[in-house]
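Single chain ahead, by itself, as structure tokens, in the form predicted alone.
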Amino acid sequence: MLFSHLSLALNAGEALQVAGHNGIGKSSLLRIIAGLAPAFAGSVSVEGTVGLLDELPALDPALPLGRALAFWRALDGLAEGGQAGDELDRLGLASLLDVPVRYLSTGQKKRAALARLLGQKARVWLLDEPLNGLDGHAVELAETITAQHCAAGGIAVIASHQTFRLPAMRMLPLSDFAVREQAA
């Protein structure tokens, strides 16, 4: 059991940064919220669609980036024609649409995963170490895009070792809730 007495609620427009040392359960908490892992006890309720951005970009490495993103747009039921051009320009991906995903840098893959998340139109964003591999400009862009998502009524839960700057973001230090071994 990773957490004890953990309870949280987020409303439209709110963001929460989950903090804690390696292995304390930040990623596990996001997977439980996403419905990808069961909670040992208690319950999780999420209203609206959930989008998860984690260390795996969920993009076929053999496909060119444009086709990989188009696959997800079709799966999400979005209009034919690939990702919105302005969005891809903003993320610095427009010139990379013919490049197979496996040849993208770590930062480019992270920005491609963000494009995938934007294309989902999910209400709740679960961001697991979203700044890893990003340069300073891309960090600011990820923070700005997340702030815009929240300003539009979205919710963001961010698990990160790095400071993620968002206005009025709440902090959740998991060390306050981690179950500790008791001395015998």
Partner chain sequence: MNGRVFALLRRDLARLLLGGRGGGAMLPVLFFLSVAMLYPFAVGPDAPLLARTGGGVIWVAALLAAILPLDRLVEPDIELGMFDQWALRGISEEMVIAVRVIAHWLSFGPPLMLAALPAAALLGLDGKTLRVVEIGLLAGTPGLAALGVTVAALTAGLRGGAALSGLLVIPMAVPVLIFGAGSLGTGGASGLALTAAASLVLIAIAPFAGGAAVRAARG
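Residue numbers count along the first chain shown, from 1. Keep in mind that what you see is a predicted model, and the values were worked out from it rather than measured.
We do not show the form predicted in complex with the partner chain, though everything after this point is about it.
### Partner-contacting position among Leu59, Leu134, Val157, Cys150 - heavy atom within 4.5 Å of the partner chain in the predicted bound form
Contact with the partner chain in the predicted bound form is made by Leu59 alone.
### Query
Looking at Val50, Ala39, Val139, Ile145, which is the one with a non-hydrogen atom within 4.5 Å of the partner chain in the predicted bound form?
Filtering the options by heavy-atom distance leaves Val50.
### Message
Test of understanding: in the predicted bound form, would Lys26 fall inside 4.5 Å of the partner chain by heavy atoms?
### Response
Taking the distances in the predicted bound form, the answer for Lys26 is no, it never comes within 4.5 Å of the partner chain.
### Query
Looking in the predicted bound form, any heavy atom of Glu87 within 4.5 Å of the partner chain?
Result no; Glu87 lies far from the partner chain in the predicted bound form.
### Query
Is Ala34 close to the partner chain in the predicted bound form, meaning a heavy atom pair under 4.5 Å apart or at it?
Result yes; Ala34 sits at the interface with the partner chain in the predicted bound form.
### Task
Heavy atoms within 4.5 Å of the partner chain in the predicted bound form is the criterion; list the residues of 115-135 that meet it.
Those in contact are Arg116, Gln120.
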